[in-house]
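As a starting point, one isolated chain is supplied in structure tokens, in the form predicted alone.
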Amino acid sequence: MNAPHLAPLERPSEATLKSLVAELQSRFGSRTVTSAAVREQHGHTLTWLANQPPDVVVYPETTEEVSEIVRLCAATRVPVIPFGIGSSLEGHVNAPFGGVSIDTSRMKRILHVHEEDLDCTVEAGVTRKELNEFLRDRGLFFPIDPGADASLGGMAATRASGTNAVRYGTMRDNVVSLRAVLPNGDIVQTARRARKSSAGYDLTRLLVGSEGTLGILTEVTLRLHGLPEAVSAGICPFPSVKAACDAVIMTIQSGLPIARIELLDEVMVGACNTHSKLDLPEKPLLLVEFHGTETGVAEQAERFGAFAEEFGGGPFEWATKAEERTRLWTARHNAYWAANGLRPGAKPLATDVCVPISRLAECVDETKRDIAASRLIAPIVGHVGDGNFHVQPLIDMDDSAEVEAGIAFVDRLVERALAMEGTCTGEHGVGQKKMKFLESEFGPVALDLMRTLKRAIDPHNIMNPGKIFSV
């Protein structure tokens, strides 16, 4: 298949922007913002990618308002960049061609909760913590937990996962249906609420993970789960990251229904101890959690302890109180900020890969040796129950040799994962930073098919341009 190139895109002219901004202000008033500070906030800021702010930020409050904004942009071929809370690490919210950032943070309604069907429908700006706070008294929860209190629309757009994915799956597995605004302003509903369907193309899965390049997600229907009767968490140190990963592999292959199993290498443990004022043993560490009945949780913990012991792990310490568990998981979720504290003034080059679980120990062990040989400060943390781990090199941007070493390290990390039949990104997404790896991962035919879909849906390439595909 030889897909035609996407339409070339240039920054809108000053006259076009002036006219568009005036029209947006007339319709949305103070919810149309052009201040430099707000525009910069809506560009990428979390890693060393340059900040590329939009020309204007608009705050819609309904799907119909999003549609109205997109129609105005489509008529003038001005780029549209969806924005949730901006927690992406791959430059998804940057505006390399300028344009309009559509910030969905005011779309906060929880529209329906169907307790009997274990699903709910929310607007895109609702965050995962806000939803779980609302659901708690109903005995339900939404399990996908990427760490940041991300918006659910953004989580669906980037196909997020996180600490609970080993048991509950990713956003791909937990999104039932979507409502979205297409690049011409049309509104589409991708599916009904039935748990399965054989009707037509799977438009839901097409838009989940599309990173805003095919449309703007405005409503998300999600699978819910009952709160477990018992929850138990604990920590287990290991003599090496390989030993810890081998214990993970045995745990998963045995079918043990573990809810969370996170790896922190000794560098990340030290960073978390300092940042979160903990006293965890500064060795490679597994942080685990079990969900179920009181009896089931106790049996699962005992089996896991036996697996860990086989690989030199221990002692296995339980966090028996809810506040102790919360403290541990809060420290884990703050690992990004903790790692940054290891080298003040340096820029993080946060990245992730994912490999088949059988190759996990080999991949992490080789990566640790690569870090040492490269003389980088690069802590590792990972959702290792599904073969996904993150590395965060901290780079002195004034040292050109170190910048080159950091880029070369990430290239080798991805090559290593692909050689093991893995992927260049398990959950961060492609955004701007990982576009160059897609052809190696998928091959030219699959990549051309993706471009064909993009061109068919967004022929003028206005929807989050400069992401996933180079133009």
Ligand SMILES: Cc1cc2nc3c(=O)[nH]c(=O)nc-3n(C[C@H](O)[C@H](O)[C@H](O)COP(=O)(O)OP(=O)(O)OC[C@H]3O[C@@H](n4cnc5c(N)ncnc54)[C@H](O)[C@@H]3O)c2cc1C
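Everything quoted here is computed from the prediction, not taken from an experiment. The numbering used is simple: start at 1 and walk along the sequence shown.
Just so it is clear, the following notes concern the form predicted together with this ligand, a form of the same protein that is not shown.
Q: Is Leu227 one of the residues lying within 4.5 Å of this ligand in the model of the complex, judged by heavy atom distances?
A: Flag for Leu227 set to no.
Q: Just to confirm, Leu46 within 4.5 Å of this ligand in the model of the complex by heavy atoms?
A: The answer is yes: Leu46 has a heavy atom within 4.5 Å of this ligand.
Q: At 4.5 Å between heavy atoms, is Glu427 in contact with this ligand in the model of the complex?
A: Contact check for Glu427: yes, within 4.5 Å of this ligand in the model of the complex.
Q: With heavy atoms only and a cut-off of 4.5 Å, decide whether Ala148 touches this ligand in the model of the complex.
A: Yes, Ala148 sits close enough to this ligand in the model of the complex that at least one of its heavy atoms falls within 4.5 Å.
Q: Which one of Thr351, Thr367, Ser161, Gln300 is close to this ligand in the model of the complex, taking close to mean a heavy atom within 4.5 Å?
A: Of the listed residues, the single hit is Ser161.
Q: Which residue, Leu360, Val100, Met155, Ala378, is the contact with this ligand in the model of the complex, using a 4.5 Å heavy atom cutoff?
A: In short, Met155.
Q: Among 271 to 279, 134 to 142, 193 to 201, 78 to 86, mark the stretch whose residues have heavy atoms within 4.5 Å of this ligand in the model of the complex.
A: Flagged stretch: 78 to 86.
Q: Can you name the residues of 202 to 234 that have a non-hydrogen atom within 4.5 angstroms of this ligand in the model of the complex?
A: Glu211, Gly212, Gly215, Ile216, Leu217, in sequence order.
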